[in-house]
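Just one chain follows, in the form predicted on its own, and it is written as structure tokens.
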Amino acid sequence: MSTYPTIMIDEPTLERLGVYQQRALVCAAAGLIISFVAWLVAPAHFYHGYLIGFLFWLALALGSIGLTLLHHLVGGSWGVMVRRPLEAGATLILPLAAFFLPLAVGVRTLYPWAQPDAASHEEFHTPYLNVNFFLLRALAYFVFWGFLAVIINHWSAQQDAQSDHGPSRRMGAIAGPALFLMFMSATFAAVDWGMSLDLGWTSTIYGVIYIISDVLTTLSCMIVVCTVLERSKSMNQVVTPERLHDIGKLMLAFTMLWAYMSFSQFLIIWSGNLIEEIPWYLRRTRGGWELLVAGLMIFHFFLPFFLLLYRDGKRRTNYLVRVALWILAMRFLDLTWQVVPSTNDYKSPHIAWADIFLGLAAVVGIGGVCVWYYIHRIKQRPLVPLNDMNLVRVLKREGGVQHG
């Protein structure tokens, strides 16, 4: 008897995924049409909203690549349930590379350092923050991330077809260096696309906070995906309470890490009281934004923290998926809080409702295409990685899972 679970996606699951794809295309059309009209009418508002949507879904792609590499590096049963969904998530970097093009076109509208009338006292930024070098770095990021996504999926497909564990060993060999390079490239990308919105403001842990947020977004998405796929015969044998508990504990850990890093950044900058740094927080804690700050403290940290402390809850799919969806909503609000106030005068900040609305439209529009493409990738492969060393060890330890 084989020790591997049933691998084929059953027909009811395929039909359900097809319905989700159709709905995703409807959402994509609605969101992208709104974004396009905004680009024609109010490009400045459009670019800020579009950046929110782009960064939201980029987090899933980068987090999927990083967690896949991490599982190849350290192994463990926690990755058996989400490995194939993570591999599909890694390929989202391909359509997201196309979605970066509007930002490349609007770089001079979106970023103050790219505008001709940039303040003369900021000239020290020009060796690094200039349009040509900015676009060249973006190209390098996407080439590297795309290469990793292709390699991850190519070697995984090879491993499905052979039993000598060669592709798994190769993946394990490159996982450590690739994970380091992923961390560095994601940090530079966060600085380029997020931190540089506020000219003159710097934070040494800004990139780390974004990477932590990427992982938290990805773990939450994986819970939602596994819930959708749980009814499939190939997944209901690996979506167990123990593995849900593992993912729930990781969500709790990264929720705490996000809060710790975010508060550390605030405490260091506020206590330093430097004129170059304090305005970043003044823009985001006045004019109504202070309500969002309080909401993020309560609903992005304290509420998920206490909900994820509940052990039995982390072992139940319905409970955990509600927490995951809540965290995803908070991730949108956090990105909004970071991106939108960058255009405010810190002496008289205000909430830009148009930017927030267009950010939501961009999340829906870009997300519709990403969800359609993601489901397309999911349907092409077995939902459980075959002939993988980590999977073999887990199934042996658990006594094996037999064919139906």
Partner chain sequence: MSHEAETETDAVHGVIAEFEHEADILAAAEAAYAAGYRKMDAYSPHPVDGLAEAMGFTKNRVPLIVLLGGLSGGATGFMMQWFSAVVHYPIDVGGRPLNSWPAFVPITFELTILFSAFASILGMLILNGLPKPYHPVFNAANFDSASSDRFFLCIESSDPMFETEGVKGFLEGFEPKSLSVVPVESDPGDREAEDS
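Residue numbers count along the first chain shown, from 1. Only a predicted model underlies this, so the values are computations on that prediction, with no experimental measurement involved.
Quick note: we don't show the form predicted in complex with the partner chain, though the next part is all about it.
Query raised in the report: Pick from 147, 180, 260, 128: which has a non-hydrogen atom within 4.5 Å of the partner chain in the predicted complex?
Result: The option sitting close enough to the partner is 260.
task: Please pick, from 136, 291, 184, 309, the one residue with any non-hydrogen atom lying within 4.5 angstroms of the partner chain in the predicted complex.
output: Partner contact (heavy atom, 4.5 Å) among the options: 309.
query = Taking 4.5 angstroms as the cut-off for heavy atoms, does residue 318 touch the partner chain in the predicted complex?
reply = No, residue 318 sits far enough from the partner chain in the predicted complex that none of its heavy atoms falls within 4.5 Å.
With a 4.5 Å heavy atom cut-off, would you call residue 132 a contact of the partner chain in the predicted complex? Because no heavy atom of residue 132 falls inside 4.5 Å of the partner chain in the predicted complex, the answer is no.
> With a 4.5 Å heavy atom cut-off, would you call residue 104 a contact of the partner chain in the predicted complex?
Replying inline: Contact check for residue 104: no, nothing within 4.5 Å of the partner chain in the predicted complex.
Partner proximity in the predicted complex: residue 74 to the partner chain, non-hydrogen atom cutoff 4.5 Å
No, no contact at 4.5 Å.
Worksheet item: Counting only heavy atoms and a 4.5 Å cutoff, which of 269 to 277, 153 to 161, 208 to 216, 88 to 96 contacts the partner chain in the predicted complex?
Response: Residues of 269 to 277 come within 4.5 Å of the partner.
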